[in-house]
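In structure tokens, one chain follows: the form predicted on its own.
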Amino acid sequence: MALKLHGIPMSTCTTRVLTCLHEKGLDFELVPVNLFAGEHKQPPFLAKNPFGQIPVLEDGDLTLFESRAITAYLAEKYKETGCDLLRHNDLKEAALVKVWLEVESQHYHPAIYQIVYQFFVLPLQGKTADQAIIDVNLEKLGKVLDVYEARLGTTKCLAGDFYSLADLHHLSYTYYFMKTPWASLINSRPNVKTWWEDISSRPAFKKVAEGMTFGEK
């Protein structure tokens, strides 16, 4: 039975999983969810994810939600297929992947999420972005990127000289962030800029990015 991914191509969390699926070269069906009609808050979808959020992955009788959990599952189940995103054959490398997965979710994501949300999402809801919130999180993100700049001065990617799930998890939000007026936070840090240009040019993500039209007129 083919994998089924419920979500939409412009969603950051859906595209996180889509990128992983393409890195693994897996066959899957993308099942669109009509967020504007509130489909994700209706009983059929809530039966798949009680929190009413996308994406949801169905693999036979297994149903998963939370995009980072889904990518970890796919990377583990299909570890012999495509890019080894978790470095299964090297305990130390695998441990470093886990460290930087945590860094993304605990340090990078909270700051960049607020910026993207304020800049792209609120205006679509007819609301005004709060520049004070943006400024606070730009400062937070800058401090995180200073750590990245130092790290990427010694390794090609975050966990080492290899692309991993830790790098992949940065793609969706950073892609939208680079469309804001504050892309200089990335571009002004040479090592971070080189890393971003490298990971965002991978064929799997370029394929996904074609559908990432959120905020475009």
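Each residue number is its position in the shown sequence, starting from 1. Given the structure is predicted, the values throughout are model-derived calculations rather than measurements.
The discussion below concerns the form predicted together with a small molecule, not included here.
- Item | Candidate from Leu152, Ala166, Leu171, Ile54 lying within 4.5 Å of the small molecule in the predicted bound form - any heavy atom | Selected option: Ile54.
- Tell me, yes or no, whether Ala204 is in contact with the small molecule in the predicted bound form, where a contact means a heavy atom of each within 4.5 Å. Although the small molecule is absent here, Ala204 would stay clear of it in the predicted bound form, with no heavy atoms inside 4.5 Å.
- Query: Do Glu58 and the small molecule come within 4.5 Å of each other in the predicted bound form, heavy atoms counted?
  - Reply: Residue-level check for Glu58: no, no contact with the small molecule.
- Look up in the predicted bound form whether Lys179 has a non-hydrogen atom within 4.5 angstroms of the small molecule, and give yes or no. So Lys179 does not count as contacting the small molecule.
- Item | Heavy atom of Thr19 within 4.5 Å of the small molecule in the predicted bound form | Judged by the heavy-atom cut-off of 4.5 Å, Thr19 is well away from the small molecule in the predicted bound form.
- the small molecule in the predicted bound form: within 4.5 Å of a heavy atom of each of Ser11, Lys41 and Arg68? Affirmative, all three are within 4.5 Å.
- Quick one: which of 144-152, 187-195, 157-165, 46-54 gets within 4.5 Å of the small molecule in the predicted bound form, going by heavy atoms? Of the options given, it is 46-54.
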